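Listed next as structure tokens is one chain, alone, in the form predicted on its own.
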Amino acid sequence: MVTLGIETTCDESAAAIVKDGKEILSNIVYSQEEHKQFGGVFPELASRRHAELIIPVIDRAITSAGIRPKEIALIGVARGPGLMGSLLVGITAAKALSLAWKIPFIGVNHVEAHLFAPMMTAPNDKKSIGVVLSGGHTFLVAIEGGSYRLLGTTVDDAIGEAFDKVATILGLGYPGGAKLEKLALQGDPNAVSFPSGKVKGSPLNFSFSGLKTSVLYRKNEASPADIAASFQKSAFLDVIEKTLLAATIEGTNRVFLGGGVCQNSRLQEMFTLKAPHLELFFAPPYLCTDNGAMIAAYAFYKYHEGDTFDLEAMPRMGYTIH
């Protein structure tokens, strides 16, 4: 089955063609650079740009895949969580194409699709831990038999959001995650001891607000590179320690990781060093950031499980806990 995946949750206009939930025939992502001047995503501008871009992006995905529209049998679209205006553009496009092509559509949870991304190349048939680390989301889940059970989430900033804010503090501009990672390579991760994000009474929950604030007040104690490296070490140690605890509690050594922050080479290196007994499955770089391929693959999976959703936009959509 050939599936068209549409992703417009934030500031990426993306579409992809995926065959049988595994074979990526095309994966087109247009990142809106216009938001840099605002130091963050400007919702109204994002939705307007999606409206201008989504059909050309879909057309390019179909052309790049070397198929004709009539070969598409299913449409998957991210219905949340995300920016309301942006979500509506993708959902409207999915509805229109479904009616025009007379094929079914299915709306899926964008965050769950991030978690599904590493499973596209390493199928999960055993109990495991799922970790999503992105600009808008940070959480741990137990996965068993295709069901998720939420173990922990952030009580304030997502880890990717904290990276962007620290990058701004250090004068690196927005978006700053990749720039901060590059700067950290030049620094000493032990130069400054930053606080961990422990949450009282909730050992598997995350908190990055205090860490970010500590960087603000201590940024002059060392060079920008040392601050970046020390911040990154503290944030990643927190993630690793809580993942290890979750794996111990749940009695598994398999961990699937997805989301934009999972592209960070230092995170992958630290996980390997600090948790050598874990069987780690990272989403490939091209599936870490927002993209249509993960939406198409997850839609294919949900469709064949018999799941159906209406296409109401859900900007604060929670995780599907079975």
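Throughout, we count residues from 1 along the sequence that is shown. Keep in mind that what you see is a predicted model, and the values were worked out from it rather than measured.
One more form of this protein exists, namely the form predicted together with a small molecule; it is left out here, but the text below deals with it.
I need to confirm a contact call. Of Gly177, Pro118, Gly187, Gly80, which residue comes within 4.5 Å of the small molecule in the model of the complex, counting heavy atoms only?
If I apply the 4.5 Å criterion carefully, the residue I get is Gly177.
The small molecule isn't shown here, but in the model of the complex which of Asp157, Asp238, Glu112, Asp164 has a heavy atom within 4.5 Å of it?
When the small molecule is considered in the model of the complex, the option within 4.5 Å is Asp164.
So, Ser128, Thr243 and Asn253: all three within 4.5 Å of the small molecule in the model of the complex by heavy atoms, or not?
Per the other structure, none of Ser128, Thr243 and Asn253 touch the small molecule.
Should Val261 be classed as touching the small molecule in the model of the complex when contacts are defined as heavy atoms within 4.5 Å?
Val261: yes, in contact with the small molecule in the model of the complex.
Although the small molecule is absent from this view, report whether Asn27 comes within 4.5 Å of it in the model of the complex, heavy atoms only.
No - in the model of the complex, heavy atoms of Asn27 and the small molecule never come within 4.5 Å of each other.
Heavy atom of Lys212 within 4.5 Å of the small molecule in the model of the complex
Close contact is absent here: in the model of the complex, Lys212 is far from the small molecule, nothing within 4.5 Å, heavy atoms only.
Is there a heavy atom of Ser207 lying 4.5 Å or less from a heavy atom of the small molecule in the model of the complex?
Answer no; every heavy atom of Ser207 is more than 4.5 Å from the small molecule in the model of the complex.
Proximity to the small molecule in the model of the complex (heavy atom, within 4.5 Å), stretch among 145-153, 243-251, 84-92, 131-139
After filtering at 4.5 Å, what remains is 131-139.
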